[in-house]
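Before any questions on how it binds or moves, here is one chain, the form predicted alone, in structure tokens.
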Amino acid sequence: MTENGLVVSHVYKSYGAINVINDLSFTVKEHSITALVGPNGAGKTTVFNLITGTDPLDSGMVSWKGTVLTGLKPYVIARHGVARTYQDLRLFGSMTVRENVQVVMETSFKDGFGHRKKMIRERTDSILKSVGLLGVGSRRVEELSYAEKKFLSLARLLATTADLLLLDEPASGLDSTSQGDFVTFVRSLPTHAKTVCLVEHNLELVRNLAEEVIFMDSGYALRKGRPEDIMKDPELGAIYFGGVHEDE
């Protein structure tokens, strides 16, 4: 396997008699931002489950930077630099913002305990500053606004040091100001050697963020292209706005 980036090749997944992913193939180049779009039930979140090993493939292959991930345990896939957010944020409400970041942080620094604590503190501060949460680091998560919790979930992703970030509806529920902050933050990630793949229903946000869009329906990748080309396609528009599907 010599191809770089994320490669999803001829993947199938069914749950009982329901085929959710059907011969799905696409690639995401490194240090780019790609969006998966499509109507509810298209299988977008399932794709993230398959990439991260939460659910096993029925057949096909997934690789990241030349390493085949198919069949690996989720924690092994994470060690290969793959991390994701969830629609339910999965934060520790009784812990502080800072503790929520540190609990997912790699702490195996080689030097002594005092140096390790200093490194962890400095790295935590840097991450919180990048998402605009440095000033609330000592607050308990349950005291945060919804937007702050959303950005904390992104901070936790950065703390893993993963370089493939899978964002599942990361901007849902954000007000317009927070959405603007989110766009600015995500746009900066490829310059820090991150690759982003996101599922997002806000098409204007997708237009502002993504370099490429993969349009999915019924578990198939129907089209891949620039956001402006995908969104002006009348056939895809009819599927997106007119299709009747069950929720994912």
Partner chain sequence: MGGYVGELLAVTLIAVILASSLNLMVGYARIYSLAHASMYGIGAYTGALIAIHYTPNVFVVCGSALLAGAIGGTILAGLAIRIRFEYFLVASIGFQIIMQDLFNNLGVTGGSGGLSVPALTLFGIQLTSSNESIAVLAIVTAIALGVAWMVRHSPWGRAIIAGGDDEVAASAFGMRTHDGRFSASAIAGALAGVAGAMYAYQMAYINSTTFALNESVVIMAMVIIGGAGTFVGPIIGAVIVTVIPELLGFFVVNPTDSGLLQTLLYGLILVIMMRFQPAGLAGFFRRSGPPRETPGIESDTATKQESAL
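Residue numbers count along the first chain shown, from 1. Just so we're on the same page, rigid core means the largest C-alpha set that superposes within 1.5 Å between forms. Predicted model, so just to flag it, every value in this text is computed and none were measured.
Keep in mind the form predicted together with its partner chain is missing from the figure; the text below concerns it.
Partner contacts here mean any heavy atom within 4.5 Å of its partner chain in the predicted bound form, and among 42 to 50, 184 to 192, 59 to 67, 219 to 227 they occur only in 42 to 50. Only one of Leu164, Leu167, Ile127, Leu157 lies close to its partner chain in the predicted bound form, with a heavy atom inside 4.5 Å, and it is Leu157. Note on the partner interface in the predicted bound form: the residue among Leu134, Leu72, Met119, Val104 having a heavy atom within 4.5 angstroms of its partner chain is Val104. Contact check for Val82: a heavy atom falls within 4.5 Å of its partner chain in the predicted bound form. Remark: Arg139 counts among the residues lining its partner chain in the predicted bound form, judged by a heavy atom distance of 4.5 Å or less. Residues of 125 to 149 placing a heavy atom within 4.5 Å of its partner chain in the predicted bound form, in sequence order: Val136, Ser138, Arg139, Arg140, Glu142, Glu143, Leu144, Ser145, Tyr146, Ala147, Glu148.
Remark: with the core as the superposition reference, the CA shift of Ser145 between this form and the one not shown reaches 2 Å or more.
Superposed on the core, the two forms differ at Thr96: its CA moves 2 Å or more between this form and the one not shown.
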